[in-house]
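Only one chain is shown below, in structure tokens, and it's the form predicted on its own.
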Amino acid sequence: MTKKPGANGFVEHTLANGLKIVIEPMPHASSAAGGFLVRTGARDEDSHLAGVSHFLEHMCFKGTAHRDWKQITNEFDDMGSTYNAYTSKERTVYFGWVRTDDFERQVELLADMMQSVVPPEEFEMEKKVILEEIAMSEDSIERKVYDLMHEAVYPGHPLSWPVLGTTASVSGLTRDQLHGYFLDRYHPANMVLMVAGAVEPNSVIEMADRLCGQWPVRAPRPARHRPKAELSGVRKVVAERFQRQAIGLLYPGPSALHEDRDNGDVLASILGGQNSRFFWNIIQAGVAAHVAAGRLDYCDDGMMIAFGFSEPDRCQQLLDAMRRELDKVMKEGVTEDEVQRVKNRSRTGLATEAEAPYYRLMQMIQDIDDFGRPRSVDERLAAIDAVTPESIRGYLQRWPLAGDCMLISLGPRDWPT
């Protein structure tokens, strides 16, 4: 059966074994990007296996039944591919971007990696690499405060596990545990093949069936457990090796699926993005060198964060300055000019990124994982265009940046006392 793009511009197809395929043809391009989304990340791990998703991402580059790690790396480079992989709290993604002529070769390579043999001879060496990565992350105040936020807000829930895992959990992992996790998560019901670029959809479907159609069928993963966020009180960690103090105010916010997500993103940008209130009234006032606002969201929960890094003896000054700006936006809202500037930046970003298959693929990943479907550029632009000062005022009523919240402090100073 011949598949044609739907009204939204996408072709969607599911192979007999359950592997979903999403294709966005881009006839104007001369290249194509493709990748596999695996619906597993830190929040899908047991505590004693913390870090296994990220470890597995490394191991998928280490060998298959047909290639060793050198062949995998060399083949990507021989194609001149822009390729990589990443692991987050909720997903693991493998992708590459090449000339159209090399696209089938690249998908074949990626598909082969999704059938990794998790080579035992590479396991211990890669464990050392990851333990080194964990040790390096201990010296990053940005990474430490990110982990602290999740530990404080989601205590006991897998969202609190570090994506890298811990020295103890990774040290204790065995190759058999890793392979068992691989078999349980890397199967058609838990994966999506995504493609954007100068491709003919039916050829992609035929190729995918040839390369992936024999993958064994397994039952879908059970639904995730919704976290219960704790967003009150103070959580502080004294870390004398840092010279700066990290401070964060954490408020409830919409999940990745909530209709308020775009209002929250625009508000965060007005408060703490480029050319923002934080920039002009805190950074330019000399209170701190870095202050920002943003949302962290997952499929079933989210939060709004105001955070910054200051000299240790200026913690209170930075906290007062952030709260002053939050109080002001609660009382006065935002202006039409502020909203319009953010919308214009978003429009430009979406439009320019949409011209290249690589960036379209990146845009598609979160939509497919969160919504279960891709969104066209027009649909994304419409969501941004719907944001107004009035809609943000409604957001602030539903998700106030006032009252109870979680205060985070990490750095050399034991603060607040």
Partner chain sequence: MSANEVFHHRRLACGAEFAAIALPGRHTTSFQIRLLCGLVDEPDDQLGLARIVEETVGKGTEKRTARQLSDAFDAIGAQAGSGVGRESIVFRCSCLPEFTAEALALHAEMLRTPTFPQEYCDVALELGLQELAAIEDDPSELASRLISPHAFGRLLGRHELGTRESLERINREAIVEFWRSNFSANRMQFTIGGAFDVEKVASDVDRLFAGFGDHVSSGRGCVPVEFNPGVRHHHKETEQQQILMCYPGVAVTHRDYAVERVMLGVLGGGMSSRLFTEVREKQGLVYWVGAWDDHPKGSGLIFLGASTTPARCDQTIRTLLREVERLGEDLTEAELQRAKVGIIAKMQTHGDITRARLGELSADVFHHGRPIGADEKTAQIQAVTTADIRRYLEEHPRDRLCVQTLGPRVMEALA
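Predicted model only: the values in this text are computed from it and were never measured. Positions refer to the first chain, counted from 1.
Heads up, the form predicted in complex with the partner chain isn't pictured, but that's what we're talking about next.
Taken together, Met125, Gly349 and Thr352 are fully in contact with the partner chain in the model of the complex: each brings a heavy atom within 4.5 Å.
Taking a 4.5 Å heavy atom cutoff to the partner chain in the model of the complex, the contact residue among Gln214, Ser171, Asn84, Gln316 is Asn84. The partner is absent here, but in the model of the complex a heavy atom of His58, alone among Arg375, Arg39, Arg67, His58, sits within 4.5 Å of the partner chain. Taking the partner from elsewhere, Ser30 is found to have a heavy atom lying within 4.5 Å of the partner chain in the model of the complex. The partner chain in the model of the complex is approached by Asn281, whose closest heavy atom lies within 4.5 angstroms of it. For the chain shown alone, Arg241 is a contact residue for the partner chain in the model of the complex, at least one non-hydrogen atom being within 4.5 angstroms. Of the heavy atoms in Thr335, none are within 4.5 Å of the partner chain in the model of the complex. Contact with the partner chain, judged by heavy atoms within 4.5 Å in the model of the complex, is confined among 260-268, 72-80, 173-181, 206-214 to 72-80. Contact residues in stretch 87-113 (any heavy atom within 4.5 Å of the partner chain, taken in the model of the complex) are Trp97, Val98, Arg99.
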